[in-house]
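Two versions of one and the same chain are coming, encoded as structure tokens; call them structure 1 and structure 2.
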Structure 1
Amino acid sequence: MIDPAKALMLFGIIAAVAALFFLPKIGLVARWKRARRGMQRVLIEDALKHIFDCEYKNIHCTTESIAGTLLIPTDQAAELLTRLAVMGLLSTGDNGVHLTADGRSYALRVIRVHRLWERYLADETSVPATEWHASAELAEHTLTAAQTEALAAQIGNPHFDPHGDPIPTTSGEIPPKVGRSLLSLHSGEFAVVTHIEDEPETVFAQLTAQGLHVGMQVMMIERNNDRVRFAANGEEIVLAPLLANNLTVAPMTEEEQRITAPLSPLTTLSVGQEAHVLSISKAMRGHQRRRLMDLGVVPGTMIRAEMTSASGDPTAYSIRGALVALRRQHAEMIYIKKD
């Protein structure tokens, strides 16, 4: 029989080798998957996407900006542009590069997968917001057309991604860009966040860390060259203008109620108290949001905290005569008005 100490040592070695291969993020398999990103097809698709983005936003697109976005040297970017032109996806005019009809439809296909995937992650999974973009960058190059359509069908053919960007249809339709920068609001003006730019990633992470999300109501308090001070759903937020510029807003409709004071979440209700539901945060998405509304949590609903679980969370609320348990993380996203 093998000596137990030796057997344990052998086991340790095998476990270490397995870890080397399969650990998430730092394992060899994960590295290999990331390395595939550098492939030619990926570069072509990323370049098309970038050029489309420039045209959509009406900004000028250069070899340098492509090199910067794709993280490749400028000469390689120039080479790539030539290749795209040869493939008939690009035409070079006097004022920079333009997508041909083919190039545009190719770009839209890639963008469709990207945004659908982000929407899927946001609505249906527990993947955090900061990882959506990176995951979609992988998915957009790997999903087949059939897989994409199946995904779209599964999540109800959404028209907008979680950042507020429109998702192109299968036939390549996309509505024109609407909305304006948060910076264009004057003091005291109300608006709704319609889009949060998800690139660069660090900026997006800072914005999400502030609790900002699409659908939030904002009111400009003051802005100058150093900082922008505004209320988001009633809470004050201060951002550098450069960051604030990544938020796009649209005017509010007349019917919507203006939020003037900080919103109080359902978690502030103690057992025995009751209140009216004011709104459900747009950060609560997908299936969870629909389920909650099915159970009767809609603006105006009277809600009463009945009891807390023996372990402290969840809490059971009486909603339209039924007793419904809500986890704290979800109750925090329901805003109430105590009478």
Structure 2
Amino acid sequence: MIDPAKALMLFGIIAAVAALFFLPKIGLVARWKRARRGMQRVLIEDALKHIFDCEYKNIHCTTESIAGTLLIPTDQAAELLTRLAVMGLLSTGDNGVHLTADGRSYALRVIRVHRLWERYLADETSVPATEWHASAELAEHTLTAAQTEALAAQIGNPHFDPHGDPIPTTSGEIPPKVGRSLLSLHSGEFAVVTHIEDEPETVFAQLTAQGLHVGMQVMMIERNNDRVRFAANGEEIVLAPLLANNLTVAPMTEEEQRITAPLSPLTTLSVGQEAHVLSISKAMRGHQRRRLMDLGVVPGTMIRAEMTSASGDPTAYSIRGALVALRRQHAEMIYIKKD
């Protein structure tokens, strides 16, 4: 004969396990389905971004390129393209795959979030430049439309992200790609860096380690199949052609070259010398930039080198009657005009 107490206990255990798996909102099955839908959404949005990027750069998009970018098998990439076509986001033809109007609008919404988030990280936080892209890859799939517009308003509705990429408007407008590769410059030619490619991350890390940033003025010295040698803010930089090709520049006119003098960093100021602040490098961002400006480091301010530490770093500067110690890495980003 079955013990009623044991039977009731067994039934309770079975019911609890069933609830753990099958409850509509909090059960494991429901959570697994939500996670799966979330993963599918991420794949869809990443695929749309890749296809748009190919169209924007006039590059042929293939199933293989999507598989490589999304790190998925080729068969799965083909299934994903089929799903996008069924959803009306993609069209296929003899010339490959192309976004429909709805697909392009969807892709631009995702790109807008990504680039706004990178701009926010660059201007409002101390997050290193090498971490902007990975953080934006997560934010682009989670921020709502309302949160995105609130973020845009908070940072002043910028037109470009910190890499120089244009930020799509709310209506889906985006300017055409401009500029040319650094490799196209001839010896002695001047230009301004307008874009630094942020993928792959290892390449971007190498470029930022050289102190390169959007807005920097460069002059080509020499280029060949082995190396590219150019001057940037008075310093010589040598890159492999593969790395240099990730820099987009806009050539400067003769008039722009004539009125643009080489910039001298604050580190060239010897103890006892005075100078006027010309500007702060665009590579100095976020809290560090605001701190310098709060200390009075703004264009026109007189600054005087007073003393250096025993190791030579930091150096104490007199700024508006106050003595401020600045590390060399920060002083190198302050440009001056010596008296």
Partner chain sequence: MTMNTQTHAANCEDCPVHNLGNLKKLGINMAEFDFVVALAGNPNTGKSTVFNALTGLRQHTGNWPGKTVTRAEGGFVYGAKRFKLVDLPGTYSLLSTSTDEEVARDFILFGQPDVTVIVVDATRLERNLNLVLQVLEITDRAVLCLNLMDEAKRHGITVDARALARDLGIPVVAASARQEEGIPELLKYIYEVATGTYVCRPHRLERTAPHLERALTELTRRISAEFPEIPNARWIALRLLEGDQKIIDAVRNGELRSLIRRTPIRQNEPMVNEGAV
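Reference numbering: structure 1, starting with residue 1. Rigid core (definition): largest C-alpha set, two forms, superposition within 1.5 Å. Nothing here was measured: the structure is a model prediction, and the numbers come from that model.
**Q** Between the pair I just shared, point out the form predicted on its own.
**A** Answer to the question: structure 2 is the form predicted on its own, whereas structure 1 comes from elsewhere.
**Q** With both forms fit on the core, has residue 301 moved 2 Å or more by CA between the two structures?
**A** Yes.
**Q** Using a rigid core superposition, assess whether residue 289 undergoes a CA shift of 2 Å or more between the two structures.
**A** Where the cores coincide, residue 289 still shows a C-alpha shift between the two structures that is 2 Å or more.
**Q** Aligning on the core only, does the CA of residue 58 end up 2 angstroms or more away between the two structures?
**A** No, the C-alpha position differs by under 2 Å between the two structures.
**Q** For residue 320, what C-alpha shift in Å results between the two structures following superposition on the rigid core?
**A** Residue 320 C-alpha displacement between the two structures, core-aligned: 7.0 Å.
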